[in-house]
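The chain below stands alone, shown as C-alpha cells; this is the form predicted alone.
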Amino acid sequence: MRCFVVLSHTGPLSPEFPLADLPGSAGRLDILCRCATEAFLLSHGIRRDVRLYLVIRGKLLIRLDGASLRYLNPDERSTAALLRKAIARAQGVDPGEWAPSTPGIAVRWGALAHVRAELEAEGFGVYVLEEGGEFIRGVPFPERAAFVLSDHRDFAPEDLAALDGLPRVSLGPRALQAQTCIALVHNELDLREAGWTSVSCR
C-alpha cells in the first residue's frame, strides 16, 4: 500500500470559500486537488491501494482512502467541492476524532505528528521527499511506504521537527510541483512492481 502526505501551508480551515477561486480565496486549494487526482486516478480507473493525507496549516487533517473513495473526478472544481464538504464536516468535531464526510474521506483536527504516529503504528515506512535526499532509484521501500511532501512552500520549522529522523528521498536535481512528485513516485513503484527496473540502478 502507498500513502502520500501533502502539507498545505495556506489552505482553508473553514468552508467559506468560492469554488471559482481556488488559487486565491481558497488558499491554493488547487494544489491539493491536483495532488488528489495524481494520487488516485488512472486513465480508466482509480488506485484502490492508496491513501492520501492533506495536512492543512498544521491543524486540520483530511484523509482519503482509495479502497472506499467515491465521486473523485479529474476536474479541480468537483474535487474542491469534496474537500469543502470535509472541511465543513470538521466544524464542531472534537480534536482527535476522525469524522466521516463523503465515502472514502474523513476529517479531524490534528497535526502532522498525528499523521506520522498513525502511519508508523500501521507499519508504514515514512519518507520525506526532499531535493537533497538520496535518489529514489537507489532506495528500497517496504510494502507499505508513505511519502511526505510540501505544497508550493518549503517545509516550515515545525514541519521539520515533526519529520525529524525520517529518511530523505529525492526525485531529481530540480524542485518539482507537488502533484508531479506524486506521479513520479507512482511511476517508480509501478515499474518496480512490474519488474521493469531495479533499486540498484543509478
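Predicted model only: the values in this text are computed from it and were never measured. Start at 1 with the first residue shown and count on from there.
The same protein has a further form, the form predicted in complex with a further copy of the same chain, not shown here; the description that follows concerns it.
Counting only non-hydrogen atoms and a 4.5 Å threshold, tell me whether L13, S25 and S101 all contact a further copy of the same chain in the model of the complex. Looking in the model of the complex, the three residues L13, S25 and S101 all stay beyond 4.5 Å of a further copy of the same chain (heavy atoms).
Does any part of A161 reach within 4.5 Å of a further copy of the same chain in the model of the complex? Heavy atoms only, please. Output for A161 is no: heavy atoms all beyond 4.5 Å of a further copy of the same chain.
Counting only non-hydrogen atoms and a 4.5 angstroms cut-off, does P157 reach a further copy of the same chain in the model of the complex? Output for P157 is no: heavy atoms all beyond 4.5 Å of a further copy of the same chain.
Going by a heavy atom distance of 4.5 Å, is E118 a contact of a further copy of the same chain in the model of the complex? No, no contact at 4.5 Å.
A67: heavy atom within 4.5 Å of a further copy of the same chain in the model of the complex? Flag for A67 set to no.
Sequence-ordered residues of 13 to 37 touching a further copy of the same chain in the model of the complex, heavy atom within 4.5 Å: Counting only heavy atoms within 4.5 Å of a further copy of the same chain in the model of the complex, the contacting residues of 13 to 37 are A20, P23, R28, D30, R34, T37.
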